[in-house]
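The form predicted on its own is given below as one chain in structure tokens.
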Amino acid sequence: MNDFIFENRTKVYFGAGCVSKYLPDILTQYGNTVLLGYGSGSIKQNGVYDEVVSILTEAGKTVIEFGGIMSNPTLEKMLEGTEIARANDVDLILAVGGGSVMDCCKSISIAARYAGDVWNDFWEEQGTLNFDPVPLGMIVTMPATGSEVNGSAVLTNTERNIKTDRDYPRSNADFALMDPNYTLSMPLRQLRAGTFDILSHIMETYFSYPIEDNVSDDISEALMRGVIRDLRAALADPNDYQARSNIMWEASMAENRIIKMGKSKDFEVHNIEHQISAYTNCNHGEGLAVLHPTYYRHIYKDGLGKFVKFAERVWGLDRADYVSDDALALAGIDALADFIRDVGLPTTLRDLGIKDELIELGINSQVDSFGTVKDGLRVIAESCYTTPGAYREIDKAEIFEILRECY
């Protein structure tokens, strides 16, 4: 194991009925005014909103609502919430939803206590968070990002077409309430995409240094097998509570920093997908599903030993059936691609509708002679940065090739 420092201060309450059981007592620790953040309104359709507001009201809290948080939350939306939080001097921000809601509320908790340019100082570059953000709590309704148990928040700057995330341990939520029953109303498309996002988080940590056996990778291998098993089970029976509860905790385990300890971490695929969705607003998990197999075919030789272990330990492939480590490693990547197709996720950028979205953007104002998807993909590739934790650093020309192959 490489050296590391582990920190996670979020207290998790997990299980059926945990919101009604624990939230009333939790609220006694905070002041009177609560900013309630949520998304497009699904929580009003499935009863979660009524339950949470009822608990807040019975606790004597003044509830300030901040709804309409979109997928891929924008800097503009976050600043709108920041003004509301400041104007009402909120004592607690309570995010009810999935990763986008949690990320936006997490960002608001920082920005509401900061007088400077929050984008430049905390998202453009990794800053130093030397003050306490507004206290924050999470109620998870869509497991995927693990945002409930870390300090990371993803924001999109629409003026600059940059989507990026930063992780500040000081901005971890104080508490997270996780009732698997809340996930049963998720659309199957979101179940597929969100669960693949979980798998992506694990793989991008797993496929990084060290290649040698270590505790973090042992846990990651078990988690990957579990995610694969549980997504298949949840798709076969969307009301399978056991599968849903497993997926919910797998999302948290993927991003609560435990499996990252001692790992260099390669989040290049997330970086590329962030820029695709910064330009096209495509579904995050679906974009990751398209990118991963192609990216891994580009870099597998540089981490061959780990890709062999992936084939054997995650997909159960037998070394004796393959003529070389190369063949076995590629078979493991093929097994990943087959899984993506079998569970109904998209396999190409065309499946995501990238062509029409790129043309509608009118990127010709930024690049001469635009008018083809190829040039649009080149714009996206040029906007990407490369991550230092990978087995091999790829350049923007290779990112462009990956995007072309994925198209």
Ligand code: NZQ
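Sequential numbering from 1, following the sequence displayed. Only a predicted model underlies this, so the values are computations on that prediction, with no experimental measurement involved.
Beyond the structure shown, there is the form predicted together with this ligand, which is absent from this document and is the topic of what follows.
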| query | finding |
| --- | --- |
| In the predicted bound form, residue 346 touching this ligand (heavy atom, 4.5 Å) | no |
| Distance check, residue 217 to this ligand in the predicted bound form, heavy atom within 4.5 Å | no |
| Residue 305 within 4.5 Å of this ligand in the predicted bound form, heavy atoms | no |
| Partner proximity in the predicted bound form: residue 46 to this ligand, non-hydrogen atom cutoff 4.5 Å | yes |
| Which of 123-131, 190-198, 78-86, 314-322 sits within 4.5 Å of this ligand in the predicted bound form, heavy atom basis | 190-198 |
| Joint contact, 142, 182 and 284 to this ligand in the predicted bound form, by non-hydrogen atom at 4.5 Å | yes |
| 93, 110, 101, 176 - the one with a heavy atom within 4.5 Å of this ligand in the predicted bound form | 101 |
| 154, 290, 231, 223 - the one with a heavy atom within 4.5 Å of this ligand in the predicted bound form | 154 |
| Residues within stretch 245-281 having a non-hydrogen atom within 4.5 Å of this ligand in the predicted bound form | 255, 270, 274 |
